[in-house]
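Listed next as structure tokens is one chain, alone, in the form predicted alone.
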């Protein structure tokens, strides 16, 4: 039976942003309906972090904010309104015990992201939020520049605010789609991209497969293209088809976007950012003096993974049999250049089925950062991945989902009818 009812706020998408938005609105006394296309709420939340759920992190607020790059100014109001400490307190209040790993990443102590999802659902039920799963929003109802309802597969709902938290394109098996973008376009909003982000990168370098499984613990990656420069740092893993690991994932969205206009993108890797060229020259000189009869490849092997040391020698055009005492000045320079700017050629990235987040979405210039309300249509709000905001790995994107949901839900509930 199709429903025809009145609510105060209709929230589209029951991921972390949508569930948080519904709770924020209901705590202000709003009557809330929460719609989800999938049979279950929070499917992507449950799968995040390999099912363990890196919910946030403990970095200082200013450091946390800077990791959003040129979107830092836009995300700042939401993070100030509901930052990491407030999220931690909120989850503890829901009964979700947390623990810090690697000195800064925050996970459910149980190791199950589903615990956070289940706690949110229990609180939604306690607050009287109506949750409609397997429910598609077919269109917004807009009159005279104001949203006044939604047409859903379960019926028509009139309301004074609609909050789009329908996510992005990642993980279509868990509900990722363009459904939210289509609704935003109906309201006149522009969509950037979208592109898969936090995904592995494919390279055309023939030697990549021979390094599969090799990890560079602290790689610094650089890309220069179209007048832009991007740098990331962290561990990097060679795979049979390219590279992965945190340092790679953090630049993959940028690479995917660049590859829409070109066949390949050059990535330069510094395998040891803590050692500059002068320090490397000093090392080579010490090798000449103290280990002159040893092969340079073996000496590099004492610092770097052996197979990667061989790749460095090949990239530098230096014989694997060359001993330290015989190195020429030119060979030394080429080896150090390879160590500080090892060249890789990106020709593709993992698709939306492999990506963790979506790069692109609703143009943030069309959204008020202080309230996350539409500048196009009165009564329309946004939260989470549907917006053109993405952060690096480490809990940044889930914190943004929770923070933006809290802020947008709060103002959606206070929207004047």
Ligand SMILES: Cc1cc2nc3c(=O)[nH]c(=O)nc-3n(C[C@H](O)[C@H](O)[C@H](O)COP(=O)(O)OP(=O)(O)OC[C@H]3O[C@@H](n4cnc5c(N)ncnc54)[C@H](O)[C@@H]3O)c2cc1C
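Residue numbers count along the first chain shown, from 1. Note that the structure is predicted; figures quoted are calculated from it, not measured.
The form predicted in complex with the named molecule exists for this protein as well; it is not shown, and the discussion that follows is about that form.
May I ask whether 8, 25 and 114 each come within 4.5 Å of the named molecule in the predicted bound form, counting any non-hydrogen atom? Verified in the predicted bound form; spot residues all out of contact, no.
Residues in which of 86-94, 219-227, 302-310, 176-184 have heavy atoms within 4.5 Å of the named molecule in the predicted bound form? Among the candidates, contact is made by 176-184.
Heavy atom of residue 374 within 4.5 Å of the named molecule in the predicted bound form: No, residue 374 is distant from the partner.
Does residue 189 reach the named molecule in the predicted bound form, with heavy atoms at most 4.5 Å apart? Judged by the heavy-atom cut-off of 4.5 Å, residue 189 is well away from the named molecule in the predicted bound form.
I'd like to know if residue 348 sits close to the named molecule in the predicted bound form, meaning any non-hydrogen atom pair within 4.5 angstroms. Result no; residue 348 lies far from the named molecule in the predicted bound form.
Is there a non-hydrogen atom of residue 137 within 4.5 angstroms of a non-hydrogen atom of the named molecule in the predicted bound form? Judged by the heavy-atom cut-off of 4.5 Å, residue 137 is in contact with the named molecule in the predicted bound form.
Answer option from 355, 359, 380, 32, heavy atom within 4.5 Å of the named molecule in the predicted bound form: The residue from 355, 359, 380, 32 that makes the contact is 355.
Can you name the residues of 5-25 that have a non-hydrogen atom within 4.5 angstroms of the named molecule in the predicted bound form? Those in contact are 12, 13, 14, 15, 16, 17, 18.
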